[in-house]
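What follows is a single chain, given as structure tokens, in the form predicted on its own.
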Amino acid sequence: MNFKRRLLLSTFALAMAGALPSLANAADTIAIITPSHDNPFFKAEADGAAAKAKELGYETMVLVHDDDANKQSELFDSAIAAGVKAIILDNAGADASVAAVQKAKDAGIPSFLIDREITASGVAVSQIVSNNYQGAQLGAEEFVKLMGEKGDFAELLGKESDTNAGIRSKGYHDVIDQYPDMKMLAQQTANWSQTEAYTVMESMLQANPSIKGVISGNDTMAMGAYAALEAAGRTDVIVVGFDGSNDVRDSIAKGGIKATVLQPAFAQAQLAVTQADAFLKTGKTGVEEKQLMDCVLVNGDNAAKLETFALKD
């Protein structure tokens, strides 16, 4: 089966499933492609982008790639075939996503990236990401404070293909490693997954019962780790996450997880759509391709103001 026919069949399948608008309306459509909405962070991105697109008069095509670069490539093919005006993307890998974004650019469709960068410049129009290093330092400073500047701890890392995982870990260690009495006994990826973090935490705790703290690359892993600690009767262990989810907000309110770092997923996605709209109308965004949005520490002092990855007044 040749490529063109596969592309048409893929587009037809998505249209039959209700994922695509009619081709008559595609010229006024923005595609929004993110990881799975099972993670509330990515759902907030999609919801924020869709709401802003609707406000600006666009239809939307909301799709998920499940952190699968091959699936992401197929979704790009379908979006291109449908003739969307722009693509908002939280990508499925810094290296693996470059080809898909280039493919859209070659078809005359601009991409606006959120949350995760790709390893090439000049391919996407915008790359709007949280200042993960700054945020990680905030989280690490709070973690060290909660630990009393000493004690054994473990770190849960995110997905290796995601540049954010490495940046956050570096931010954590550039702070924590300044304290000689803070000793990391275990470090392992849980791939941003709550269920995987539960299993990893169980193993870490069995091998290192002296652990007094866990610093996590995101909130879903923090939730999994805390559930494992709770099951083991170790709610004394200090857990700090990263994202600013409602789940962690609720845990903080109950005295469970101690802190997280808010990255503004909803606002970030809306900004990407606003820039897409400007680019479609004027041919420019008025800002640099790579843009950083600062993060905010969330703990018992301000957790009650947190709602859907934003702090309310």
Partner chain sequence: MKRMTLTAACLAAAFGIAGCKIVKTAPADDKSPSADASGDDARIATILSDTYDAKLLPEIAAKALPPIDLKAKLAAGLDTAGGQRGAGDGAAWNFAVAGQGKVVAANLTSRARTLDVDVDGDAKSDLTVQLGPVVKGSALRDFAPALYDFTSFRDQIEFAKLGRALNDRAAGAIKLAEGDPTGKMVTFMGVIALRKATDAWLLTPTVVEVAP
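Being a predicted model, the structure only gives us computed values, none of them experimental. Residue numbers count along the first chain shown, from 1.
Quick note: we don't show the form predicted in complex with the partner chain, though the next part is all about it.
Partner contact region in the model of the complex: 131-139, out of 131-139, 199-207, 184-192, 218-226, criterion any non-hydrogen atom within 4.5 Å of the partner chain. Exactly one listed residue, out of E288, D250, D28, D66, brings a non-hydrogen atom to within 4.5 Å of the partner chain in the model of the complex: E288. Think of it this way: in the model of the complex, the partner chain has a heavy atom of just one of A86, I167, I211, I238 within 4.5 Å, and the residue is I167.
Under a 4.5 angstroms non-hydrogen atom cutoff, the partner chain in the model of the complex lacks G233 among its neighbouring residues. Proximity of L297 to the partner chain in the model of the complex falls outside the 4.5 Å heavy atom cutoff.
Of the heavy atoms in A304, none are within 4.5 Å of the partner chain in the model of the complex. Residue contact with the partner chain in the model of the complex: T163 places a heavy atom within 4.5 Å of it. Taking the partner chain as it sits in the model of the complex, the stretch 109-131 comes within 4.5 angstroms of it through a non-hydrogen atom at E117, I118, T119, S121, V129, S130, N131.
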